[in-house]
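The chain that follows stands alone, in the form predicted alone, written as C-alpha coordinates.
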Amino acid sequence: MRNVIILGAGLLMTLGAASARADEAADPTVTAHAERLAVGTCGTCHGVRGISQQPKYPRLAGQNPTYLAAQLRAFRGQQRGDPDAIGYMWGMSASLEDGTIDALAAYYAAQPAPTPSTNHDAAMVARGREIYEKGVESAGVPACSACHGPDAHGIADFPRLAGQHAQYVMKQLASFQNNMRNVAVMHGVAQALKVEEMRSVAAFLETLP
(Lines give C-alpha, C1' and ligand atoms only; values in the text may rest on other atoms or scores of the structure.)
Protein backbone atom coordinates (compact mmCIF):
# COMPACT_ATOMS: atom_id res chain seq x y z
CA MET A 1 0.00 0.00 0.00
CA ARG A 2 2.94 2.32 0.73
CA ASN A 3 4.16 1.79 -2.84
CA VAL A 4 0.68 2.56 -4.16
CA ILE A 5 0.62 5.87 -2.28
CA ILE A 6 4.13 6.87 -3.36
CA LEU A 7 3.59 5.98 -7.00
CA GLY A 8 0.16 7.54 -7.00
CA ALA A 9 1.62 10.79 -5.70
CA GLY A 10 4.20 10.69 -8.48
CA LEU A 11 1.50 10.24 -11.10
CA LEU A 12 -0.47 13.15 -9.70
CA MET A 13 2.58 15.42 -9.89
CA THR A 14 3.39 14.29 -13.43
CA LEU A 15 -0.15 14.85 -14.64
CA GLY A 16 -0.71 18.11 -12.78
CA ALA A 17 0.14 20.21 -15.82
CA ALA A 18 -2.44 18.37 -17.89
CA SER A 19 -5.07 19.01 -15.24
CA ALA A 20 -4.27 22.71 -15.18
CA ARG A 21 -4.56 22.93 -18.96
CA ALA A 22 -7.91 21.15 -18.89
CA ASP A 23 -9.26 23.78 -16.51
CA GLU A 24 -8.53 26.62 -18.93
CA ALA A 25 -11.32 27.99 -21.10
CA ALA A 26 -11.50 26.01 -24.34
CA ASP A 27 -11.20 27.71 -27.73
CA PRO A 28 -14.53 27.11 -29.55
CA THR A 29 -12.68 26.46 -32.82
CA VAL A 30 -10.46 23.84 -31.20
CA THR A 31 -13.47 22.29 -29.47
CA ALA A 32 -15.34 22.00 -32.77
CA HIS A 33 -12.30 20.49 -34.45
CA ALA A 34 -11.92 17.93 -31.65
CA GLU A 35 -15.57 16.95 -31.89
CA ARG A 36 -15.22 16.40 -35.64
CA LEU A 37 -12.20 14.19 -34.97
CA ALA A 38 -14.07 12.26 -32.28
CA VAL A 39 -17.04 11.57 -34.55
CA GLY A 40 -15.32 11.16 -37.90
CA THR A 41 -12.02 9.52 -36.97
CA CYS A 42 -11.86 8.25 -33.40
CA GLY A 43 -15.44 7.02 -33.64
CA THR A 44 -14.42 4.34 -36.13
CA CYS A 45 -12.96 2.29 -33.27
CA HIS A 46 -14.25 3.96 -30.11
CA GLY A 47 -17.79 4.76 -31.19
CA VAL A 48 -19.21 8.18 -32.04
CA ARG A 49 -19.94 8.94 -28.38
CA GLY A 50 -17.05 6.93 -26.98
CA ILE A 51 -19.00 3.71 -26.44
CA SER A 52 -17.19 1.21 -28.62
CA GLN A 53 -19.05 -1.91 -29.66
CA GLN A 54 -15.86 -3.87 -30.29
CA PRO A 55 -14.38 -5.20 -27.02
CA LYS A 56 -10.87 -4.80 -28.40
CA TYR A 57 -11.19 -1.02 -28.16
CA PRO A 58 -11.79 0.84 -24.89
CA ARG A 59 -14.93 2.71 -24.07
CA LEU A 60 -14.01 6.37 -23.53
CA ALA A 61 -17.38 7.81 -22.54
CA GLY A 62 -17.37 9.23 -19.02
CA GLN A 63 -13.62 8.74 -18.64
CA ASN A 64 -11.60 11.16 -16.47
CA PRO A 65 -10.38 13.95 -18.77
CA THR A 66 -6.96 14.32 -17.16
CA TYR A 67 -6.33 10.61 -17.59
CA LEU A 68 -7.43 10.68 -21.24
CA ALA A 69 -5.27 13.71 -21.98
CA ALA A 70 -2.26 12.10 -20.32
CA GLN A 71 -2.71 8.91 -22.35
CA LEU A 72 -3.01 10.84 -25.62
CA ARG A 73 0.21 12.67 -24.80
CA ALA A 74 1.86 9.36 -23.98
CA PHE A 75 0.76 7.97 -27.35
CA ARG A 76 2.01 11.08 -29.13
CA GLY A 77 5.37 10.86 -27.35
CA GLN A 78 5.57 7.11 -28.07
CA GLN A 79 5.87 6.48 -24.34
CA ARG A 80 3.12 3.87 -24.14
CA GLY A 81 4.25 0.64 -25.70
CA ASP A 82 1.39 -1.86 -25.69
CA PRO A 83 0.68 -3.38 -29.14
CA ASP A 84 -2.41 -1.35 -30.00
CA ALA A 85 -0.65 1.84 -28.92
CA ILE A 86 2.16 1.13 -31.35
CA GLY A 87 -0.09 -0.20 -34.10
CA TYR A 88 -2.78 2.47 -33.95
CA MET A 89 -2.42 5.28 -31.47
CA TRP A 90 1.17 6.38 -32.06
CA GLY A 91 0.26 7.33 -35.62
CA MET A 92 -3.23 8.63 -34.81
CA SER A 93 -1.92 11.00 -32.12
CA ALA A 94 1.31 12.14 -33.80
CA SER A 95 -0.10 15.42 -35.14
CA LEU A 96 -2.42 16.28 -32.24
CA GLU A 97 -1.73 19.61 -30.57
CA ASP A 98 -2.15 20.05 -26.83
CA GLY A 99 -5.36 22.06 -27.20
CA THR A 100 -6.92 19.38 -29.38
CA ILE A 101 -5.91 16.67 -26.92
CA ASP A 102 -7.52 18.54 -24.04
CA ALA A 103 -10.67 19.17 -26.09
CA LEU A 104 -10.93 15.49 -27.07
CA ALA A 105 -10.55 14.48 -23.43
CA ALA A 106 -13.27 16.94 -22.42
CA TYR A 107 -15.58 15.69 -25.19
CA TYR A 108 -15.37 12.06 -24.08
CA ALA A 109 -15.58 12.91 -20.38
CA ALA A 110 -18.89 14.69 -21.02
CA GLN A 111 -20.52 11.71 -22.78
CA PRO A 112 -22.99 9.49 -20.89
CA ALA A 113 -21.35 6.42 -19.42
CA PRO A 114 -21.90 3.06 -21.14
CA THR A 115 -24.69 0.71 -20.12
CA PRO A 116 -23.34 -2.03 -17.83
CA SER A 117 -23.20 -5.62 -19.03
CA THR A 118 -25.33 -8.39 -17.54
CA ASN A 119 -23.68 -11.24 -19.42
CA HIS A 120 -21.31 -12.56 -16.76
CA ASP A 121 -21.47 -15.46 -14.34
CA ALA A 122 -22.73 -14.26 -10.95
CA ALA A 123 -20.08 -16.17 -8.98
CA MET A 124 -17.30 -14.70 -11.10
CA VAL A 125 -18.68 -11.19 -10.66
CA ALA A 126 -18.91 -11.69 -6.88
CA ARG A 127 -15.28 -12.83 -6.74
CA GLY A 128 -14.26 -9.85 -8.84
CA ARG A 129 -16.08 -7.50 -6.49
CA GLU A 130 -14.27 -9.02 -3.52
CA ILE A 131 -10.86 -8.53 -5.13
CA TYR A 132 -11.73 -5.01 -6.29
CA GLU A 133 -12.91 -3.92 -2.85
CA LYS A 134 -10.49 -5.85 -0.63
CA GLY A 135 -7.55 -6.94 -2.76
CA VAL A 136 -5.80 -10.27 -2.27
CA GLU A 137 -3.97 -10.00 1.03
CA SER A 138 -2.11 -13.30 0.68
CA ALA A 139 -0.56 -12.13 -2.61
CA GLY A 140 0.09 -8.56 -1.49
CA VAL A 141 -2.48 -7.13 -3.90
CA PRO A 142 -4.13 -3.92 -2.62
CA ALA A 143 -7.79 -3.11 -3.19
CA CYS A 144 -8.35 -1.69 -6.67
CA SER A 145 -10.79 0.75 -5.10
CA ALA A 146 -7.93 2.52 -3.33
CA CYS A 147 -6.98 4.24 -6.61
CA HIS A 148 -9.98 3.74 -8.87
CA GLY A 149 -12.67 4.60 -6.31
CA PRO A 150 -15.35 2.55 -4.59
CA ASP A 151 -17.59 2.85 -7.66
CA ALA A 152 -14.70 2.40 -10.14
CA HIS A 153 -15.33 5.88 -11.55
CA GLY A 154 -11.72 6.81 -10.93
CA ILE A 155 -10.07 9.17 -8.48
CA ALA A 156 -8.18 12.27 -9.59
CA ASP A 157 -5.95 11.09 -12.45
CA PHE A 158 -6.66 7.40 -12.08
CA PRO A 159 -8.96 6.05 -14.82
CA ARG A 160 -12.59 5.12 -14.67
CA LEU A 161 -12.98 1.34 -15.05
CA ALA A 162 -16.74 0.98 -14.58
CA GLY A 163 -18.47 -0.27 -17.71
CA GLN A 164 -15.22 -1.00 -19.52
CA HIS A 165 -15.04 -4.01 -21.83
CA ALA A 166 -13.80 -7.04 -19.89
CA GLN A 167 -11.69 -8.11 -22.87
CA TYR A 168 -9.97 -4.72 -22.96
CA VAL A 169 -9.30 -4.81 -19.20
CA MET A 170 -7.72 -8.24 -19.57
CA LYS A 171 -5.57 -7.03 -22.45
CA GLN A 172 -4.30 -4.09 -20.43
CA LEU A 173 -3.55 -6.25 -17.40
CA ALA A 174 -1.44 -8.45 -19.67
CA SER A 175 0.39 -5.35 -20.92
CA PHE A 176 1.05 -4.25 -17.34
CA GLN A 177 2.20 -7.76 -16.47
CA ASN A 178 4.90 -7.86 -19.12
CA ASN A 179 5.75 -4.15 -18.80
CA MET A 180 4.63 -3.17 -22.30
CA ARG A 181 2.77 -0.53 -20.31
CA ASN A 182 5.44 0.58 -17.89
CA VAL A 183 3.48 1.51 -14.76
CA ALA A 184 5.26 0.06 -11.74
CA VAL A 185 2.30 -0.21 -9.37
CA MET A 186 0.16 -1.95 -12.00
CA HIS A 187 3.02 -4.26 -12.96
CA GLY A 188 3.14 -5.45 -9.37
CA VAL A 189 -0.61 -5.94 -9.18
CA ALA A 190 -0.84 -7.81 -12.50
CA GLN A 191 2.13 -10.02 -11.63
CA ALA A 192 0.52 -11.07 -8.37
CA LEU A 193 -2.94 -11.83 -9.76
CA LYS A 194 -3.86 -15.21 -11.18
CA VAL A 195 -5.55 -15.29 -14.58
CA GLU A 196 -8.86 -16.37 -13.04
CA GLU A 197 -8.68 -13.46 -10.61
CA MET A 198 -8.04 -11.00 -13.41
CA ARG A 199 -10.98 -12.39 -15.36
CA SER A 200 -13.21 -12.04 -12.33
CA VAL A 201 -12.22 -8.41 -11.76
CA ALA A 202 -12.69 -7.62 -15.47
CA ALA A 203 -16.15 -9.21 -15.45
CA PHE A 204 -17.13 -7.29 -12.32
CA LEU A 205 -16.02 -3.98 -13.79
CA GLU A 206 -18.04 -4.49 -16.96
CA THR A 207 -21.20 -4.86 -14.86
CA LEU A 208 -20.78 -1.47 -13.16
CA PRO A 209 -22.73 1.62 -14.21
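Remember, it's a predicted structure, so these values are computed and weren't measured experimentally. From 1 onward, residues are counted along the sequence shown.
In what follows, reference is made to the form predicted together with heme C, a form of this protein that is not presented.
- In the model of the complex, no residue of the candidate spot (113, 117 and 125) has a heavy atom lying within 4.5 Å of heme C.
- In the model of the complex, heme C sits within 4.5 Å of a heavy atom belonging to residue 58.
- Mapping the unseen interface onto this chain, residue 33 falls outside it, with no heavy atom inside 4.5 Å of heme C in the model of the complex.
- Interface membership of residue 142, defined by any non-hydrogen atom within 4.5 Å of heme C in the model of the complex, is confirmed.
- Contact check for residue 49: every heavy atom lies farther than 4.5 Å from heme C in the model of the complex.
- Although heme C is not shown here, in the model of the complex the stretch 40 to 71 places heavy atoms of 41, 42, 45, 46, 56, 57, 58, 60, 63, 67, 68, 71 within 4.5 Å of it, in sequence order.
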